[in-house]
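In structure tokens, one chain follows: the form predicted on its own.
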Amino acid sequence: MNPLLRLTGLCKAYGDVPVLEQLDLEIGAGLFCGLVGANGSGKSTLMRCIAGIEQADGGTIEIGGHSLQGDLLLARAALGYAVDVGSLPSELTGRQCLELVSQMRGLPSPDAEAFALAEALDLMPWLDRWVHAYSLGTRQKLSVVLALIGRPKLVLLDESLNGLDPVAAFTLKYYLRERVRSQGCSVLLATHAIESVEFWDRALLLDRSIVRQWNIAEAHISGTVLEREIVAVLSAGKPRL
């Protein structure tokens, strides 16, 4: 069976500065994966390449067995991507955004799950207000709800916990964990919030390529242990203060 996400030899540079180098990665169905790395390690670039927002300089991307380069529409149909909050249409209401994305996914209206998550995240009171009036946290909530419309097989969340209050952050992590378990989708969350590790199945350390992976579910690794191991890997060969 093909993995849900397969990246082979992925490369990306901005001018003479390499950001991703010969990156290989496979993620199967039913996994909650945390993508971690230092600032500038390529996390956001990787997410945008997978989503097709940026074009990689080399390598291949397959989502649900479909090549992003050759079967763009089929690959994207399996994908839900929480866009950067600055990219949300500010002159629409939250409800109009839900309706627009639903139509793009071939649905007559937003599904019940979208409204259930909006309710759980305390987003409902804002749905009939203009997006430009939203706080950072409220925009993050809307972006995540939009990404999950239509039950995509692969969900990409780039720092989507930023700006969320503690209750909303916990609610979202718990919701994603349960959605992975019940629906067999996979989530790739780029984050600096190591404390969310208890919800993950795998942790992936990015430094231009995937330099280390941890099987959180089997090894029962705590956030403290993971943080120490990440620091050890990233600090190897660097002078100590």
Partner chain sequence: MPTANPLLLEKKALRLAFWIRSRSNPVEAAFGLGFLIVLTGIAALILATLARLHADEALEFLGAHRLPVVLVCWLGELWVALALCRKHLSLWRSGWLAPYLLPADETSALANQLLALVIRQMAGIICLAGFGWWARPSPIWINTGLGLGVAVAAGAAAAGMLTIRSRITRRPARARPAKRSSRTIALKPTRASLGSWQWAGLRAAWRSRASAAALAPGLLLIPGGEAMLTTLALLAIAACFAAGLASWAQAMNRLLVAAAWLRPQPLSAAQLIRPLLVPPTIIIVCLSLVAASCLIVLGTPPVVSLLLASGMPALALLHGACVAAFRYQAARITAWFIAQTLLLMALGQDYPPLTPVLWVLFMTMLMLKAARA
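Positions refer to the first chain, counted from 1. Just so you know, these numbers come straight off a predicted model, no measurement behind them.
Not pictured, yet referred to below: the form predicted together with its partner chain.
- prompt: Taking G52, L73 and A77 together, does each of them reach its partner chain in the model of the complex with some heavy atom inside 4.5 Å?
  reply: Affirmative, all three are within 4.5 Å.
query: Is there any non-hydrogen atom of L100 lying within 4.5 Å of its partner chain in the model of the complex?
result: Within the cut-off, so yes.
query: Contact between P89 and its partner chain in the model of the complex at 4.5 Å, heavy atoms?
result: Taking the distances in the model of the complex, the answer for P89 is yes, it comes within 4.5 Å of its partner chain.
task: Decide whether Q96 counts as a contact residue for its partner chain in the model of the complex under a heavy atom distance cut-off of 4.5 Å.
output: Looking in the model of the complex, residue contacts with its partner chain include Q96, since a heavy atom lies within 4.5 Å.
message: Whether M104 contacts its partner chain in the model of the complex should be assessed with a 4.5 Å heavy atom distance threshold; does it?
response: So M104 counts as contacting its partner chain.
task: Answer with one of A118, L164, V83, V155: the residue that has a non-hydrogen atom within 4.5 Å of its partner chain in the model of the complex.
output: It is V83.
Residues in 113-137 with any heavy atom within 4.5 Å of its partner chain in the model of the complex: The stretch touches the partner through W130, H132.
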